[in-house]
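One chain is shown next in C-alpha cells, namely the form predicted alone.
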Amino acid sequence: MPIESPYPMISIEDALAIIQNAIQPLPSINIPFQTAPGYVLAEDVFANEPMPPFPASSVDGYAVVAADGPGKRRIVGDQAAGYMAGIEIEPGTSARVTTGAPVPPGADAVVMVEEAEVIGDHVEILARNIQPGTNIRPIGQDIEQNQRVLAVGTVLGPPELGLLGTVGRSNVTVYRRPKVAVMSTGDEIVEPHEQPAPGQIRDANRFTLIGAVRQAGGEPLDLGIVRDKQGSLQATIERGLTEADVLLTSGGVSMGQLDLVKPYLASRGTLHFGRVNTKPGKPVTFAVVDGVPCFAMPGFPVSALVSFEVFVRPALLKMAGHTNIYRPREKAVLAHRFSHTAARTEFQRVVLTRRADGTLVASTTGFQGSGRLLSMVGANGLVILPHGQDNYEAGAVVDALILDRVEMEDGVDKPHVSSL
C-alpha cells in the first residue's frame, strides 16, 4: 500500500495566515543613523527645531525693504551663509546675500543678482514688482518645530537619512533584522568546489536561499551541509535555534526513510503544517520551536526558491518591521498556452512585459521542472495558475506576482515600485 503523509494538505491562503499569526516584529535596537539604510523605524521622529531656523535667502542677491521699490540702494555689507554678519537693513539700503544665508534684520525681500546692477557702493534694483517675502524662506517653511517628520514603520532610505541628519538624530531606533540560519541536508550533496562522486550533486539550495535571505533584508548564518544522520541533523538544528531568529532548511521533508527534518521539528515544538496545495513546494513545512520560526523547504532548487518567495520572504519582512510584506500582484495575460494540472495551484516562472496600453503580458521561461534553476534565471514574475482547472490557453488572465522591474514590450523601461 502507498505510504500516506500524516500531515493534512492545506491551502496556500491558510498556510500564509498560520505563518503571519505566528510571526511578530523583532525587538528594536538603537543604531547610528548612517548605518540604518534598509532598516524600519521603530519610533516616531520629531523635529526639536524649525527648518530653516531663521529667515533664509533662497537665491544669491540683495536683501532689501520691499516698499522701497526699484532704484538705487546703498550697500551696507555682505551676509554669507554660515554666520550672522551683524548688519541691519533700513529703507534705502541693501546687503549682498548668498543662497541659504540669514536675511539681515530689517529686510523683508531678496532681489536676485540677475535683477540688479552694482554701481560703486550702490546697487540699482531693476525688479519692478517686489513683494514682502520674495525669495525668502521663512522660519519653519520646510519643517515646523515639534513636527513629526518620520513615522514608525518607515523604511529608511537616502531621503530619510537626510531628514534624520537635518533634525539632529545621530542615533535612531529601528527593528532588528532577522538572523536566519540556513542549512542543506542530504548525503548526495557536496560543496561547489568539490568534484561530485557518482550519485552526488553540488549544493545549490544553500546559496540560493542565502542570497534570497540577503535580498529580503535578513542576515544569513551559513550552517553548511548536514548529512542524513539523526545526530548530525539534531546538532545542527539546535545550533540554528540557539544562534538565529529563524531556521531555514532545504531537503529532508518528503516521505523517504531519511527525511528526518519534519519528525525532529515536530518532536521539539509545534509543527503547524507539513504540506501545502502548491506546485512547486508541496512538502513545505512550518514549525515553531522555542519561539523560533522554522521553515523547511523542499530539496529541489526551484521548489526551495519559490517556497521562499511565497512563504518565507513575507515572514522575514514582518519580523524586520515592514508592513508592506507581499510582492505586488497584478492581472496578466498569458502570451501562449501554459500546461497545468488541475490538482494544485502552481507558481510558474515567467518574463513579464507591459504593452503600451498598460496590459501585463506573461511568457514562460521554459520547462518548469522543480530542479531546473534556469527557469528562475531572468524571471521577473510568477504567474499563479489556480487548482481546479487544467491547461490555461493563450489570452487567459491570471494573477502574477511581480518580482523585479517590468519593461515595455518595445524595450523602454516602465517604472515600477516594488515592495520589500
Ligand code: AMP
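Residue numbers run from 1 along the displayed sequence. Everything quoted here is computed from the prediction, not taken from an experiment.
Quick note: we don't show the form predicted together with the ligand, though the next part is all about it.
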| So which of Ile201, Ile87, Ala235, Ile139 gets a non-hydrogen atom within 4.5 Å of the ligand in the model of the complex? | Ile201
| task | Go through Glu191, Glu124, Glu188, Asp78 and name the one with a heavy atom inside 4.5 Å of the ligand in the model of the complex. | result | Glu188
| task | Mark Asp259 yes when one of its heavy atoms lies within 4.5 Å of a heavy atom of the ligand in the model of the complex, and no otherwise. | result | yes
| query | in the model of the complex, does Val253 have a heavy atom within 4.5 Å of the ligand? | reply | yes
| query | Looking at the partner-bound form in the model of the complex, is Ser94 within 4.5 Å of the ligand by any heavy atom? | reply | no
| message | Taking any heavy atom pair closer than or equal to 4.5 Å as contact, tell me whether Pro220 reaches the ligand in the model of the complex. | response | no
| What stretch, of 313-321, 287-295, 179-187, 163-171, brings heavy atoms to within 4.5 Å of the ligand in the model of the complex? | 179-187
| Of 298-315, which residues get within 4.5 Å of the ligand in the model of the complex if you count heavy atoms? | Pro298, Gly299, Phe300, Pro301
